[in-house]
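Only one chain comes next, encoded as structure tokens, the form predicted alone.
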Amino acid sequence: MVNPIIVILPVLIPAVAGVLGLICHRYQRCQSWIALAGMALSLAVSLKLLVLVRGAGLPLVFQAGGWAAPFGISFAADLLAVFFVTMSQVVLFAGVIYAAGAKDRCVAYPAFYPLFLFLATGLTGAFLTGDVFNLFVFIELLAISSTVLTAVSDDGFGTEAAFKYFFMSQLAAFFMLLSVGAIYVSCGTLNMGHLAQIVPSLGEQGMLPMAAAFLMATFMIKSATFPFHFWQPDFHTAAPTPVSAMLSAVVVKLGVYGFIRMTTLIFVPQGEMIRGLLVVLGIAGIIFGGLAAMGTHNVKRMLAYSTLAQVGFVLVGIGWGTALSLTAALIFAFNHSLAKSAMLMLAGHLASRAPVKSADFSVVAGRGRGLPFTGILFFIGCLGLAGIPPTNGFISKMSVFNAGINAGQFYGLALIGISSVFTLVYTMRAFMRIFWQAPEISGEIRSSGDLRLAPALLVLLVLGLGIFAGPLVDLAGETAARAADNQAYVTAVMGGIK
């Protein structure tokens, strides 16, 4: 018999580590070790939870305070939630490793590591909660942590970027609260499992269409989906590298997770309409993000626009609505998290070695000529984003195209196929400019900079999951199949209550 407390341990461990970090606020090295130990333990528990949930074939549920659903607060670890938790914890652990070896002044601030751990708490809690209102609570914890972490950035535009993110987060929170109110008025419950039972019988009655629209707006802002992407480039460019790597790689996946939950669990009757909109917005994001990335002047900014395009592929996979396309979306989301976080860390490493700490192309151009190991890592990361073998990006792109052919979505495939060439263009251009051409400004490269251990580990995973893709493909397929059949989730959470 599995103790259900394991369901909330990936949420509790970073939270406790964050509190311990606050207690040790005078000892920065102690804080970094606490953060490393906390995220390592949390990742280990998440992997154990993944094994348990996959082996059991049913979700594991923790009912807070012993109150049965729908009256208490439920935490449900089904395979979809644990898939996203594991993905995010891998990147978050790498983020702590990078922060420990970073030269940013803000990393030494007493609040940095506790806030980073609270960010991990909010993101993990949002994936595991089985209640719509508590999803709002965890999203707010995530937003507050991210805002402050950006505001303390060494970059002079950090405060401005933090204000932009804060106001966009408040807009998302406003939409979320409107959705929560509309759902409760219409259904009398906020438990996701209970909603899965009630919503199909109500159809379009009451305020359900409005609730679905508000929730869609929330997740569109959180995932920086076109046309709600305008805040993202400034925010990711100015944020400290360990933070921007998390925000662009895994925090945006919260919106992706929300879309899947909406179409497979909460708003199944409205799913066809939602999926149709996701396809349109996804293709628009792929085109716009690719074109914008080609025209930008900053490596981090380029990668931020790249996220808009890459998330577009995931949205298209969800929107096509088949088991194969959802599998492709999950594979793409996981692989993008690894490649994008690695690339942003490498951009931060290059900026830390430049005469002036900046990821602007005019500053980092030519600065990689004496860094062959960084060049190899950056090149593999470019291949991963562009979908070139033997990286995991190739598996991701092929999965999406295979799903599109299987679903007969040839017009959409043509558009995203042409647009996907943009990724190869802007990544290879960036590589050549940084590692081949002569420097554009004078000044010697610094003798030391941010450590490359974290991006090296992530790039190794990018290669490993490209060469040995079977385990992830199988896991994504099983996750998609279980998500499409929500009866097991409902039974586990509700325990037979109707």
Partner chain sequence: MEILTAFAIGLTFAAGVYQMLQRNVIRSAIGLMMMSNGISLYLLSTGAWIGEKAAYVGQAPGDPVDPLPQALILTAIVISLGITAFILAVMFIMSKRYKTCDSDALTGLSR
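Quantities reported herein were computed from a predicted structural model and do not represent experimental measurements. Residue numbers count along the first chain shown, from 1.
One more form of this protein exists, namely the form predicted together with its partner chain; it is left out here, but the text below deals with it.
Check: Just one of Lys103, Lys164, Arg275, Arg369 has a heavy atom within 4.5 angstroms of its partner chain in the predicted bound form, so which one?
Finding: If I apply the 4.5 Å criterion carefully, the residue I get is Lys164.
Next item on the list: Identify, from the list Leu324, Val180, Leu415, Ala292, the residue with a heavy atom within 4.5 Å of its partner chain in the predicted bound form.
Entry: Only one listed residue qualifies here, and that residue is Val180.
Next item on the list: Mind telling me which stretch in 256-264, 182-190, 379-387, 361-369 gets its heavy atoms within 4.5 Å of its partner chain in the predicted bound form?
Entry: This holds for exactly one stretch, 182-190.
Check: Would Thr121 show up as a contact with its partner chain in the predicted bound form if we use heavy atoms at 4.5 Å?
Finding: It does not: once its partner chain is placed as it appears in the predicted bound form, Thr121 has no heavy atom within 4.5 Å of it.
Next item on the list: May I ask you to check whether Phe401 falls inside a 4.5 Å heavy atom distance of its partner chain in the predicted bound form?
Entry: No, Phe401 sits far enough from its partner chain in the predicted bound form that none of its heavy atoms falls within 4.5 Å.
Next item on the list: Look up in the predicted bound form whether Ser201 has a non-hydrogen atom within 4.5 angstroms of its partner chain, and give yes or no.
Entry: Residue-level check for Ser201: no, no contact with its partner chain.
Check: Wondering, does Phe157 line up within 4.5 Å of its partner chain in the predicted bound form on heavy atoms?
Finding: Yes, Phe157 sits close enough to its partner chain in the predicted bound form that at least one of its heavy atoms falls within 4.5 Å.
Check: Going by its partner chain in the predicted bound form, which residues of 133-148 come within 4.5 Å of it through any heavy atom?
Finding: If the 4.5 Å heavy-atom criterion is applied to its partner chain in the predicted bound form, 133-148 yields Phe133, Phe136, Val137, Glu140, Ile144, Thr147, Val148.
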